[in-house]
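Single chain ahead, written as structure tokens, the form predicted on its own.
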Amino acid sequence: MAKQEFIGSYIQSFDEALGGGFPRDHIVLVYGAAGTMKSTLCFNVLYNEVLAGKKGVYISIEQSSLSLLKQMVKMGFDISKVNIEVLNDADDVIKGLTRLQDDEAKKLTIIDFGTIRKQLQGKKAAKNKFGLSGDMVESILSMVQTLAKKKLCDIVVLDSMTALYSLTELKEPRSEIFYLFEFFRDLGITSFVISEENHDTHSSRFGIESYLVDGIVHIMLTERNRKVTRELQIRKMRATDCNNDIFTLEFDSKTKKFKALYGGKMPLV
């Protein structure tokens, strides 16, 4: 049996809680309320893995690539250290992303799906190739598959499942979400899927995602003494001896790094 490989969380003191890091080739659901830094946390993993030599893909379904990059630069990420390729040209998508080659180190590809979708509305050439007229999930998977074949996708972030649900009709959610996740597994890539928290159930949108993914990280906003604290918990992580305690999640504005503090204890106030 092959030894389990891990990728770092790039959160200080959190790899120990994960039992070594995120298992490679896992599908990890990262969910929480608005403002919990879900996108930043996932971008942080992707960015640092690209710096370490992996090829990363960030799929932004609603937020534009420009807005995303501005947000990450503001958070302190030096994007000049990686080779960023933005896919937001519908014609390029229709041609099967033929211009993309695995000829650059530290390659991070951003799929600006919102912009592409707007451009492709009504284009017949796109309907057969990427299915944008009827099945957005198939369209996204076709692009990821193309990038994987070009060896440009070791790790993918899907931001977000909530946006995906709002833009497509899932007639059989369990089977269709299962198909989406199995597709990533078959490609042999590590996947992070972001989802907003359902306020009524305190779970992801349908809840069934929790049964289908390999790992779950929940980020919470907790009010204490008139202050709001971000908290982090590993709800599930297959193939690891993980720590399910609640950690305080902090982002150090000076070092531009995440920290997980006070595992299993109440934060100091």
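The numbering used is simple: start at 1 and walk along the sequence shown. Just so we're clear, the structure is a prediction, and the values are computed from it rather than from any experiment.
The discussion below concerns the form predicted together with a small molecule, not included here.
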Problem set entry | Touches the small molecule in the predicted bound form: residue 228 (any heavy atom, 4.5 Å) | no
Problem set entry | Contact label in the predicted bound form: residue 35 to the small molecule, heavy atom within 4.5 Å | yes
Exercise. Might residue 71 be said to contact the small molecule in the predicted bound form, defining contact as any heavy atom within 4.5 Å?
Worked result: yes
For this session: With heavy atoms only and a cut-off of 4.5 Å, decide whether residue 75 touches the small molecule in the predicted bound form.
Result: yes
For this session: Please name which of the stretches 209-217, 49-57, 236-244, 36-44 has residues with heavy atoms lying within 4.5 Å of the small molecule in the predicted bound form.
Result: 36-44
